[in-house]
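The data below hold one chain only, encoded as structure tokens and taken in the form predicted on its own.
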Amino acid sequence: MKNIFIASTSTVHGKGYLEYALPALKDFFKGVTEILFVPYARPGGISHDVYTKKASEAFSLIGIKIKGIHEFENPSDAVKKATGIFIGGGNTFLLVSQLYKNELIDVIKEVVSQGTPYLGTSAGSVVTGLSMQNTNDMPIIYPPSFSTLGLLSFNVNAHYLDPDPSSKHMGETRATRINEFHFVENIPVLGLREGSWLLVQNDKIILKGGLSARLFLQGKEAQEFPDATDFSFL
């Protein structure tokens, strides 16, 4: 039984960290009193403490405690004992490198597949897919593999942006980049706009947040799907 909350972003314009999603997260984590937070998408050292404090302040508003995985001597054991897991955003290359370094890819996939509630935002959402190849981040470090948790049978492009017809920018659009990916890979890619999320429960994958999402398939025109679509067909 999977119970996964895959958010395109942690923060929407005009609101605080996780503020837009807290009502839904309160329901999602019902009965959970402490969540294991994975801050690996940000540089280590003091930044992990600062990032964990930020997450802790947000979750305190719904009565849930946060404990950073970097505070444990054995990260794998921490994951196995966790009653909830949250992987935050940042740089996906850095996150994936740290997940491999600490030998957490398989153990996270195992516990989440068995029902441990999982929240991902931004980079933490990208890694729920088959690979991290549709991240928007710069490759500041080279991970051992682009393969990620594989909790979904497709990839997520977080912070999906539509082309702006009034812009004078001549660079490639997000859609162009995803189509380039499909020259070499046939993995479906779902573009999640900021403020939306996927709620995965058992075999259901429901789009939430009131916004549509854009699905890219190799060799086909991208399709728009409305809020509340069930993407389990992927």
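Since the structure is predicted, the reported quantities are computational estimates derived from the model, not experimental observations. All residue numbers are counted from 1 along the displayed sequence. Rigid core here is just the name for the largest C-alpha set that superposes within 1.5 Å across the two forms.
Separately, the form predicted together with another copy of the chain exists; it is not shown, and the next lines address it.
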query: Whether 30, 105 and 116 all lie within 4.5 angstroms of another copy of the chain in the model of the complex by heavy atom; finding: no
query: Which of 200 to 208, 22 to 30, 55 to 63, 37 to 45 sits within 4.5 Å of another copy of the chain in the model of the complex, heavy atom basis; finding: 37 to 45
query: Distance check, residue 220 to another copy of the chain in the model of the complex, heavy atom within 4.5 Å; finding: no
query: Residue contact check: residue 67 to another copy of the chain in the model of the complex, 4.5 Å heavy atom; finding: no
query: Residue 111, heavy atom within 4.5 angstroms of another copy of the chain in the model of the complex; finding: no
query: Contact test in the model of the complex: residue 136 vs another copy of the chain, heavy atoms, 4.5 Å; finding: yes
query: Partner contacts for 179 to 216, taking another copy of the chain in the model of the complex and a 4.5 Å heavy atom cut-off; finding: 180, 181, 183, 184, 185, 194
query: Is_shifted residue 46 between the shown form and the other one (CA, 2 Å cut-off, rigid core); finding: yes
query: Note on residue 110-residue 44 C-alpha separation in the model of the complex, which departs from the shown form by 3 angstroms or more; finding: farther
query: Cα-Cα shift for residue 43 and residue 54, closer or farther in the model of the complex, minimum 3 Å; finding: closer
